[in-house]
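Coming up are structure 1 and structure 2: the same protein chain in two forms, each one given alone as structure tokens.
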Structure 1
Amino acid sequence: MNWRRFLGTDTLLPYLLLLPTLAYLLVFFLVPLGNAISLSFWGEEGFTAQHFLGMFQDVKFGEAIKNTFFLALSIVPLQLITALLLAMLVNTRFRGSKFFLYLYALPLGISDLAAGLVWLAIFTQHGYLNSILMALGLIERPIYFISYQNVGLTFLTIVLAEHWRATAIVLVILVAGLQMISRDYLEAAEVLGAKRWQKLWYVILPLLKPSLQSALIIRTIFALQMFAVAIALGGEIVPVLAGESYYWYSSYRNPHIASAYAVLLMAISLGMTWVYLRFLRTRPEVTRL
């Protein structure tokens, strides 16, 4: 059989190859998204904004949105700085750099909930950290890292757990971006007498901007939507928007307000994506004839 004649034209083949991906997005993304928007804006009486009003009147809404933004503001810059330093270290191609990158990327293979439970085993009252400190004689009684009395410490444990779990995502993106930068630029900067920080500020970071933009968008969206780690470690001590959506759906049996929380998260994520695309966009070079 002549497959080219059967398909009609060679230009049709790429679109046919995309069909499985489009089907996946339709079934697992677009349909749930449409259902969430429908549930948040529609009720028994038809179109309504009462579900969003109920969300705003939730006693934990203010605290949840505050914690969500504070977690994102704490996690994303810390991960970006750590990943940039490690990426520049890996890019030196020292002996064992590939193994180091592989080792640091291992947390990516652990689910969010599993990572949260690992760190819960460390910071709980009778966890590994308290056991080690007591065995060394540094403390006499366990420290309550996770409790209503130490909300700040609970917040810090979530930041540490998420930093350990997801920094590798940013690291992999930045390593790929650094490897795309030609060494000719760095050698030219050295010839002109540029110091290390000047090469970083005037050569590496501008050329790395597309990778930084992608990493920031991905990590900010994931940080805003963080759920399993926050639930495993903070529970209701540090409520977040994704967690409140879960509680309204599973515990309070109100899918409408749960969907309102989900739609709000989507709107915030889209807004942050627009900010990054607007202020971190790479301007195309203009060639003058």
Structure 2
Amino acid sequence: MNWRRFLGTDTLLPYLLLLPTLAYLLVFFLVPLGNAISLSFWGEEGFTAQHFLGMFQDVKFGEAIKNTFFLALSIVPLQLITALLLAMLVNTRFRGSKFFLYLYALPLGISDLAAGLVWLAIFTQHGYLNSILMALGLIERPIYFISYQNVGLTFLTIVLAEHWRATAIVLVILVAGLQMISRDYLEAAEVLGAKRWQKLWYVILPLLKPSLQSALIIRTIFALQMFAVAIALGGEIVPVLAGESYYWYSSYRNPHIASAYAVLLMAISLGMTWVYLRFLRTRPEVTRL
């Protein structure tokens, strides 16, 4: 058997095609994962918890973990609801719905940093929002949306910016999911006398569950990692975990504590994914038909 023929066999070819990707993922995912863990657990005298202790003692740690969770918890559900509403709207396939869908998907291409800057132009002290409110005579002095005096408002601007930027991905996933639901089911439900909300609750949502689940997982993980929006808008007013990791590496030159933050983020991401998979279990046979 010559080698060309051997290469042509279906048994070996797929593995050969996967090989580059596997090798790449090994070098750039598995190795860094090991390194990150060892960076965060290894000190001069071998295994140590000192980096994690250092992280816990970081003055910003408590705030960062609180903010990270609260941001994710307020952004993700809001996005899910908005995206679901928009997806249902677009899925009625009215004239021009494709055009609107494309518009809604636009922020998909916008980075977190850019989104932060976009909203900075709106919320900054002499920004567009204050200018408009002023011109309308609604306020007499600019409102300080972003300031240490008003962390709550600053937090809100970050939520808005993230919502604006990253709802598109949820929307796209949900629309893709909705398109896979055959109209027959809805018509069948209608014939059987289901009202609009009943169709939504008993037919659409259950069939959409796999899409909802992947959207939820993807969005939660990325929301937990979000940092550039927070930095661009609020500087250090609203510290988040990923941001702390960044500062510890680039400002304080401490890869150990930076890694400890990263490992903590990973652990939280995995934990959240596990929770979602556990409590939103979908049976494949339900969606396959």
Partner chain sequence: MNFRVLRRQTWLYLGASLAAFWVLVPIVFTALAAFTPKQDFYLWPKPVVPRRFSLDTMRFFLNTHGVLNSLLNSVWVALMTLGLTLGVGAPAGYAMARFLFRGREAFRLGILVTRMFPTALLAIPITVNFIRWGLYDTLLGVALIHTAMALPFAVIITTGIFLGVSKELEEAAMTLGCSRLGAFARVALPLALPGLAAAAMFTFVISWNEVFAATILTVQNRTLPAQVLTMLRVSPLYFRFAGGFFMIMPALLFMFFIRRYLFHMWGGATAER
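Note that the structure is predicted; figures quoted are calculated from it, not measured. Each form is matched to the other, and the largest set of C-alpha atoms that superpose within 1.5 Å is called the rigid core. Residues are numbered by position in structure 1's sequence, first residue being 1.
For the form predicted in complex with its partner chain, the corresponding chain is the one labelled structure 2.
A displacement of 2 angstroms or greater separates the C-alpha positions of Leu18 between the two structures, with the rigid core held in common.
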